[in-house]
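Next comes just one chain, in structure tokens: the form predicted on its own.
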Amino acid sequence: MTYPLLSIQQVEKHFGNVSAVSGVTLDVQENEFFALLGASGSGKTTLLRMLAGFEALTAGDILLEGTSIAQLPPNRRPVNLMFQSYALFPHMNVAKNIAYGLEMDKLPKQEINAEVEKILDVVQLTQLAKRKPEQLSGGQRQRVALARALIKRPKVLLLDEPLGALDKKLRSDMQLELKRLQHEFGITFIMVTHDQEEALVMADRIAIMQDGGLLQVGTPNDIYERPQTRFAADFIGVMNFLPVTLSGDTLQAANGITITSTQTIDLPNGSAAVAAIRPERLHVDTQLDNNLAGDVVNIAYHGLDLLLHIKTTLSDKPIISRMTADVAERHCPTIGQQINLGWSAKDTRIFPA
């Protein structure tokens, strides 16, 4: 019988009367980069700490290759946790920090030195081996912490907001670096993050958590393009929501405007709902399945694109449309300008109101 690498089965964690994690069931496969995504208080870090063995389970079980590890202490689990603060030893140089875990295992010195030399080359820190942590940049310290976690070749590496202390540009660089290292080492990574873009860029699959439970699990494309709940749709990226009423096969919005969608929803006729459309799916001056006019009330410049905030009669909040730089050059939008938007029926998601 083939087991998933890691199986989380009906796991719960209660702190007194507070349920931090409730009934989470999840399988993570070998060599997978998996992200636990959620806002503060969603239970993602508590779940990570239970996987590492730093929190006892209130109920449920955690299996590694079919064998329970729920009762094992952290030092007996083939799992390493890389802390958000990196937790480097300030009195040790880079090489000594990386070697620490192998020294605790009492491996021969020659073998330790060979392993350290090898991993220093992989994380591109060979020239900095003798420096202390205080002499390193944030990105370099992050790579030292990663090397120290990877050198013991755990079956699973847990990462708690691994890029949280880095500036935006360095975060982007390290996102790709982490993916490269995960692929090179062939180790399963489970990362906790509240950053949607980070999860979309790095993960093979994402689990969205809310109030201690799982909302949706899927690939980045599934999570972004086919959110299953309004919360998931709103949490990942930017989404426009328009109040509608179900009327047969169509959605009736304000002022008698009809919105079409290829999605079916199990709600009775006459039910209140919301139609959801991503900003990049709204096309300017293009006649499509759905068409709408409005006035530009704000323009946010993002370099590669513009976000147009457009006031319409369909919602109290302006609709946001993303316009790429080349399209913006052709249309030259201005505040106060009336603009026509069109989008395809397949790009309309429907959720209960």
Partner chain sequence: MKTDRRPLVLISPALLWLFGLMVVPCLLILVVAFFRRGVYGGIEYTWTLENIALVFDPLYFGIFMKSAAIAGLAAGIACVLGYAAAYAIASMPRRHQPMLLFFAVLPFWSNYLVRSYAWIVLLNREGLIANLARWIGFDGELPKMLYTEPAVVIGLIYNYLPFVILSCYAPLSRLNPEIAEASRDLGASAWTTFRRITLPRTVVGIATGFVFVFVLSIGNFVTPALLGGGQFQMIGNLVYAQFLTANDWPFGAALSMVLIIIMLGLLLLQAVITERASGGKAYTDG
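Each form is matched to the other, and the largest set of C-alpha atoms that superpose within 1.5 Å is called the rigid core. Positions refer to the first chain, counted from 1. All of these numbers come straight from a predicted model, not from anything done at the bench.
Beyond the structure shown, there is the form predicted in complex with its partner chain, which is absent from this document and is the topic of what follows.
From the list 70 to 78, 211 to 219, 169 to 177, 236 to 244, the contact stretch for its partner chain in the predicted bound form under a 4.5 Å heavy atom rule is 70 to 78. Contact check for residue 121: every heavy atom lies farther than 4.5 Å from its partner chain in the predicted bound form. Contact check for residue 101: a heavy atom falls within 4.5 Å of its partner chain in the predicted bound form. Residue contact with its partner chain in the predicted bound form: residue 88 places a heavy atom within 4.5 Å of it. In the predicted bound form, none of the heavy atoms of residue 111 sits within 4.5 Å of a heavy atom of its partner chain. Taken together, 83, 92 and 148 are fully in contact with its partner chain in the predicted bound form: each brings a heavy atom within 4.5 Å. Between its partner chain and the residues 226, 155, 152, 283, the one pair within 4.5 Å by heavy atoms in the predicted bound form involves 152. In summary, among the residues 52, 327, 39, 26, the only one with a non-hydrogen atom within 4.5 Å of its partner chain in the predicted bound form is 52. Once you line up the core between this form and the one not shown, the Cα of residue 90 ends up 2 Å or more from where it was.
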